[in-house]
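The form predicted on its own is given below as one chain in structure tokens.
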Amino acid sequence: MSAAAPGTSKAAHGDVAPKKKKGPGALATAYLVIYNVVMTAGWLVIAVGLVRAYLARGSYHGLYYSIEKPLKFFQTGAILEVRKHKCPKHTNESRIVPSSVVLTGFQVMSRVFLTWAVTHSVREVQSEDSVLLFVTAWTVTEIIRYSFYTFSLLNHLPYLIKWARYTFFIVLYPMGVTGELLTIYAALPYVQKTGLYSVTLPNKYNFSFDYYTFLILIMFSYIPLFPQLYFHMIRQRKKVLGHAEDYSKVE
């Protein structure tokens, strides 16, 4: 068999056009845009509800009751996000890697859990200041985040929204986690006293479950998981905003 001429192999490879990464189809894009617009509007409703209730009462105590229903609805709606999610290439979130899926899933499910299994189930904590702390953090975060996704899908992402997406979390994430942990901690005495969601022996299934202990384990789970989420966003911030900052320095 004769040897190939020098450069033939490279030329052959060069003729093969690189495969383009396919984005979501038209139908999927339309669905994602509608979903993100609805979620943005929903969290704006929650924000307006908080402001109106505060102005009417003149106090931030008990504001949870004014936004309880929309909060439950739109926070539960975030479960749809845990499924495979794509964004346009320029957002640097074109495909969420497996680790990001885990972190996103943890964030969404922990919020849904806190909404229903703690705040809804233990009514005594609904007037706690810690509830308003995490609700405020969630509200601002989600308005920015869903706006970011919406404009990204439409290929018209304002720099201000991109900057806010990768900057405000620096304060909002610790603020939200602090409120979440304080709320769970406030619920512990009531859960222990009432035996909420606990299953004791003996029973026909020979199974026991202590919800009080489960909540404590949930609190401890924040120790390894929250830093991963937080520093993942720090890395994303450097990747997304770093180029713009370098460009401005050159200018």
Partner chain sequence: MDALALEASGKKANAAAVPAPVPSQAPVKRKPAKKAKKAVVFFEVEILDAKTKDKLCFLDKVEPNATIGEIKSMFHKSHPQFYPARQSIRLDPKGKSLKDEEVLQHLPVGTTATFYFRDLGAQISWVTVFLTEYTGPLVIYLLFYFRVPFIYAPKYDFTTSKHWVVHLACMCHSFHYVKRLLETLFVHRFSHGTMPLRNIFKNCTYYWGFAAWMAYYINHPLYTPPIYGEQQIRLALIIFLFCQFGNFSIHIALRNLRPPGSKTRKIPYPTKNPFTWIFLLVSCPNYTYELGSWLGFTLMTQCLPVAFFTLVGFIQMTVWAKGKHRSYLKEFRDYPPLRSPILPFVL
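Not measured: the values here are computed from a predicted model. Positions refer to the first chain, counted from 1.
Just so you know, the form predicted together with its partner chain exists too; it's not on screen, but the next bit is about it.
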(request) Heavy atom within 4.5 Å of its partner chain in the predicted bound form: which of Tyr60, Phe220, Tyr65, Tyr205 fits that? Just give me the one. (result) Tyr205
(request) Work out which of Ile34, Leu55, Leu201, Ala28 lies within 4.5 Å of its partner chain in the predicted bound form, going by heavy atoms. (result) Leu201
(message) Among the candidate stretches 187-195, 205-213, 222-230, 35-43, which one is within 4.5 Å of its partner chain in the predicted bound form when only heavy atoms are counted?
(response) 205-213
(request) May I ask you to list the residues of 213-237 that have any heavy atom within 4.5 angstroms of its partner chain in the predicted bound form, in sequence order? (result) none
